[in-house]
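Only one chain is included here, represented as C-alpha cells and corresponding to the form predicted alone.
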Amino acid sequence: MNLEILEKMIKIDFDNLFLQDTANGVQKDDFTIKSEIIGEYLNKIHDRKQGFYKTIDNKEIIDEINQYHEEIEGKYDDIVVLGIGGSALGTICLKQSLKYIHEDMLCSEKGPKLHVLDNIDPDLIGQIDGAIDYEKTLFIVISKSGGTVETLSQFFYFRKKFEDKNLDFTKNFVFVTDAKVGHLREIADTEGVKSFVVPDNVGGRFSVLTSVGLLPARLIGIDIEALIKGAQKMRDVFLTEDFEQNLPFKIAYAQYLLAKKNKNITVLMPYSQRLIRFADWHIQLLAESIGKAKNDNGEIVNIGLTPVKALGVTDQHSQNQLFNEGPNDKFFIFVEVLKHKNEIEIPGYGLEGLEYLEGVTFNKLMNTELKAAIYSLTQNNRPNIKISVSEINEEIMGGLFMLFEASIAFLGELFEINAFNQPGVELTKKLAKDFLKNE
C-alpha cells in the first residue's frame, strides 16, 4: 500500500511528539523501529486469531445486508437498535458522522429515523415507547453472546408491547448475534426471527465493520461498500512492516513511549461536530482493550491508558485550561477536517477591533483555532499529534475505524497484554446477576 494514496484520505503529523523538553516528549532517534520487529508484532497479532481486519473481505455479509434492505425498503418509519457498548457505539458514531448531526435535524433526512437505546434508563425507554408507531418500527437486537442482560431486558419489554397489541413481533424484529449459541440464537431459530451473524473472532468493541454496524448503517442510507473500501485501504497499511508507512503502529508506539513518561491519559479531540461520537467509540476501544490487571505471563501489571474525549472548539472553553496548565500526564490526538460539507462566511459587523473576522469563513475560524490549540499545547510541552482527513465520508470513516482498531492491536502487544479480552467487564456482569438473584 503506497502511503501517498492513503494521505489523500488520512494524513498524520507526528512532529509535535518531538518536544525540546525531552522529559515530556519523544526523541526522534527513539521514534523508529526495524521492519523485522514490526513483523514480529504482526505475527503475535495473527496468533491471537482475531478477525477484525479479516472479516472486511467477506462480501457475503454485504450482499446479505443489501438484499435485506431491498426486502424492507419503505416499510418502516423508525429503526430502534437495542444494544449496549460495542453493540451500539459504532452505530451511534456512523449515524452522527454520516447522516444527521443532531436529533432535532431528523425531519430533514429521508428514510427511516434511527434510534439507539444504549442504556436501560427507564426514562429513555419510556420516551421511545411513546414516540413510535410499533407497526412501522423495526427493532434490531444486537448481542454477540445473545445473553447480554441489558439488551435482553429491552427485548422482552418491546416484545411484550407487540403481544399486548396483538401484533406478530417476528415481522418487526431482526437479531444480530452468534451463529450457534445464546438466547437470541435460540429464539431466532425456534420462532423464525430474521438474524445476522457476529463473527466468532470479532469482539464487540471491534465489531462496527461487521453486521453489528453495517446493518443499521445500510438501512439509513449509508454506503457500506465505501466504508469497507476505506477499512481495507487502512488494513493494508496496518499489515506493512515499514515503520514510516505503518500509521497504526506509529500511533501505538507513540502512546507506548509516552506511557513510560507517565502520559497515561489519551485525549482524542476532533474539530468536527460530526466526529464527537467517534471519540465516544474510541473511549471503549482504548479503555476495555488496554486496561488489564495481568500481562501475557500472568504477572500483575495493572496496565491502562485513560481515554478522554474533547470537542473542538467547544472544549477550548472548558477543558483547555487543564490541558495547558494542569498535570502534564496527557497525550493529545487532534483530528482536523480539511473540507466540511458546508462553507459559511462570517458577515462583517463593523465593530472596531473585529475587522479580522470580515470575510472569514467558519471553516477557517475552526481550523485556525485548532492551530492555536496545538501551538499552545506544544509551547507548554504537551505531546500531541494531528490526524488530518480530507473530508468526512464513508471511505474516510472506514479508514479511521481501522486505523484505531489496528493501533490498539499493536498497543496490546507493546504492553504484552491481551487487548481482546475483558475479564473486568465479565466480573461486573456476574456480580450484577448474583445480586439480582439474591435480592
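This structure is a prediction, so every number in the text was calculated from the model and none was measured. Sequential numbering from 1, following the sequence displayed.
Keep in mind the form predicted in complex with a small molecule is missing from the figure; the text below concerns it.
Comment: the small molecule is not present in this chain, but in the model of the complex one of Gln154, Gln255, Thr148, Thr210 has a heavy atom within 4.5 Å of it, namely Thr148.
Checked against the small molecule in the model of the complex, the candidates Gly204, Pro270, Pro112, Pro248 yield a single residue with a heavy atom inside 4.5 Å, and that residue is Gly204. Three-residue candidate spot Ser97, Val335 and Glu394; no residue lies within 4.5 angstroms of the small molecule in the model of the complex by any non-hydrogen atom.
At least one heavy atom of Val425 is located within 4.5 Å of the small molecule in the model of the complex. Mapping the unseen interface onto this chain, Gly182 falls outside it, with no heavy atom inside 4.5 Å of the small molecule in the model of the complex. The small molecule in the model of the complex comes within 4.5 Å of no heavy atom belonging to Pro307. For the chain shown alone, Ser143 is a contact residue for the small molecule in the model of the complex, at least one non-hydrogen atom being within 4.5 angstroms.
In summary, the region of this chain contacting the small molecule in the model of the complex, judged by heavy atoms within 4.5 Å and restricted to 162-170, 282-290, 116-124, 355-363, corresponds to 282-290.
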